[in-house]
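Starting off, we have a lone chain in the form predicted on its own, written out as structure tokens.
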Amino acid sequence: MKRFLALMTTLLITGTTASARSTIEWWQFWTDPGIKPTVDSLVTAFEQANPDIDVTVTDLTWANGQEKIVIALASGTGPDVLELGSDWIAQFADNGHLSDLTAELAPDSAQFSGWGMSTYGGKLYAKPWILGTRVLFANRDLLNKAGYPPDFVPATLVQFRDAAIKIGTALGKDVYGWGSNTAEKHRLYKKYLPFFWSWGAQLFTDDDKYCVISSENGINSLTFYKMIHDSIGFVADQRGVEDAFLDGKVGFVLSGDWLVKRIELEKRKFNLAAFLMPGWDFPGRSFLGGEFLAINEQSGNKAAAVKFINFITSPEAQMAFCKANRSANPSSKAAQNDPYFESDPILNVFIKQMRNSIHPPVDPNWPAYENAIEAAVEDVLFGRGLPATALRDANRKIMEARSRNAKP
């Protein structure tokens, strides 16, 4: 009898433990062989620290991942935790697909950057994970050949313009001062907006009522951008521009930290310099985006999902991710101050630039705004449009999209 009771007690305890286990599903985009093992190891570490929670990971691709998320959430088959691009959050929050995490995330908010991109209607719908910005890269050898000293820093747009023109005109017909993106969807606007913001222009008025993209500063910024594109620009898609830069044919490019990793992976011998985006008053402003972790409103495991999000975004987990990915984009302020970044002059520029960057408005109409901005830049660079005319047209399209999609 005693053995029977002991056995039954063991079975009851085991059964209780088993029934208390929960499983959450996470959809994420980091599938590159260089970083995926680290992502998997973080999931394993979380499961070991939380033996009552299992995590199932589904990998998505940027080619069709957003479409899969849209379909899954609309059909009620979405995962518990989603990795979302910063410009998707407003759309999914507006449709009621994301859980309001204000109560869970607000107490920890001072320890992280990027909350502005996950706040919609005064509520927090996602936690910042991996942020992203662009910095000005230069080929230091080309700068030296153009007569600039080894410690030259283009702090202003005028200094950048003059150095780019000098490289593009003094070093031969096969050398260009600036790598200029062609009409590449979802990328061209990220290369232009840093110039727009650094010129002091705004997309909307401070009260967010009116679009002012066609202001005098906006027009001047696009005129400047066209000038360097036409006079000294090597024009190609992003990969082509970066190829030419690494081949020593281009003096300056605006790019992300993936370029640093590429130089190392390809074992390039390259005299790379990285600068904060120049402006009229140093520093200028660059583009800020990022990857965020959100919870499906229909998730039945919200508490476990919040635990998982907090683990993945912890300073320790972010440092493991950044070191494996050779990137400098943590949302954790503690991670941003890690000696790993402070000791690397290139990566440290990214940390500083993130603090001097602007993100697009958190607005479900953003895709329409983005299309209007890119159409204006394309018209000026590759068509016959004048900056003032193109930006006035963009201004009209943006206000029409806002009015058309306004809630009653």
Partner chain sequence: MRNHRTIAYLYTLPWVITFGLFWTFPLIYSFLMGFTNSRLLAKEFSWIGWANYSALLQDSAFLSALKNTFVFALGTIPVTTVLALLLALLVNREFKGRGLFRSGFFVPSITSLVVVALIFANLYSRGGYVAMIGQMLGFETPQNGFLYDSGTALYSIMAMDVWMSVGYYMLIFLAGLKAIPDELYEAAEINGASPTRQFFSITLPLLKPVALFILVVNSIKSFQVFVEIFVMTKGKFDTMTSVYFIYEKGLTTQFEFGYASAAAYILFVIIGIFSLAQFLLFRQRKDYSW
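Positions refer to the first chain, counted from 1. Not measured: the values here are computed from a predicted model.
Note that the form predicted together with the partner chain isn't included here; everything after this is about it.
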Item to check | Full three-residue contact with the partner chain in the model of the complex, heavy atom 4.5 Å, for 67, 237 and 382 | outcome: yes
Checklist entry - Looking at 263-271, 331-339, 127-135, 180-188, which one sits within 4.5 Å of the partner chain in the model of the complex if you count heavy atoms only? => result 180-188
Checklist outcome for this item: Interface check vs the partner chain in the model of the complex: of 106, 71, 158, 227, the one with a heavy atom inside 4.5 Å is 71
Item to check | Candidate from 38, 356, 28, 365 lying within 4.5 Å of the partner chain in the model of the complex - any heavy atom | outcome: 365
Next on the checklist: I'd like to check something about residue 91: if you look in the model of the complex, is any of its heavy atoms closer than or equal to 4.5 Å to a heavy atom of the partner chain?
Outcome noted: yes
Item to check | residue 176, heavy atom within 4.5 angstroms of the partner chain in the model of the complex | outcome: yes
Checklist entry - Taking heavy atoms only, is residue 97 within 4.5 angstroms of the partner chain in the model of the complex? => result yes
